[in-house]
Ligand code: ARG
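A single chain, nothing else alongside it, follows as structure tokens in the form predicted on its own.
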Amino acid sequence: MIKKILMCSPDYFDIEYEINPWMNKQNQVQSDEAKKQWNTLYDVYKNKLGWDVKLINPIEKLPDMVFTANGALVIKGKVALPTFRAPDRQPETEYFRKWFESNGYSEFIEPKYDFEGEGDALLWNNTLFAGYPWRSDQASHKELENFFGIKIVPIQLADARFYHLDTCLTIVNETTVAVWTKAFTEESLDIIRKIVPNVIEASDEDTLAYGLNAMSDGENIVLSDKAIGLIEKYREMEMNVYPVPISEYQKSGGGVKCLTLELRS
């Protein structure tokens, strides 16, 4: 399956503010290493998997634009833009809108309530798992449901370190997801288990290595090279596994999936 995705070069990526438990202005990004890691991921997508990689221009003073997963949710060519909770990130929305408009997209919604794009909205078959409350409001789910005409399943997150749904849940394939059970309320975890036939439970070590912040097309999966247990599990499932280094991005609370926005036509 050839995916179409959007990425943003880390030209201005650093830690200028602190809006999640991972960020510390005293633990700055090594720019050369961040660029090298980003290029490695880009190479896997474009040259090893043959995915269609689009690029949005980085903007100075908007260091987190590199995390394009928060820049939108795109389903059947319709675009839900982000309503960022943190003032530091709010200017990004304008640039993402301009990119989509200049690339032929015409159906938009910018939710009234806080919503941080695909970081808090993961599509599994015809169901959209939508995370809250750390960065997105549950009230935004109704807006998304009406706009996309899709079933939304609210998922309540319980650990502030895993503030976006995509940091603690991976869509693996049509029958399988991977989760860190401690990231969810018991009720939300039960909901996931009732809906998805196969639920892989990641270890603390793999989760803290951002192993669940991953990209999969059902046959190939790209994830943190430090998530050893998950790498072995996916290989046992006979998936093609592409481990990549993401240590510089984890300093800002990001990983493989955060750096990747899927453009579903």
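Counting begins at 1, following the sequence as shown. Every value quoted in this text rests on a predicted model; they were computed, and no experiment measured them.
The same protein also has a form predicted together with arginine, omitted here; what follows describes it.
Pick from 162-170, 126-134, 106-114, 75-83: which stretch has a heavy atom within 4.5 Å of arginine in the predicted bound form?
-> Selected stretch: 162-170.
Using 4.5 Å between non-hydrogen atoms, is V241 touching arginine in the predicted bound form?
-> No, V241 is distant from the partner.
For G253, is any heavy atom within 4.5 Å of arginine in the predicted bound form, or not?
-> Judged by the heavy-atom cut-off of 4.5 Å, G253 is in contact with arginine in the predicted bound form.
Counting only non-hydrogen atoms and a 4.5 angstroms cut-off, does N70 reach arginine in the predicted bound form?
-> N70: yes, in contact with arginine in the predicted bound form.
Would C8 sit within 4.5 Å of arginine in the predicted bound form, counting heavy atoms only?
-> Output for C8 is no: heavy atoms all beyond 4.5 Å of arginine.
So which bits of 19-53 sit within 4.5 Å of arginine in the predicted bound form, heavy atoms only?
-> The stretch touches the partner through I19, N20, M23.
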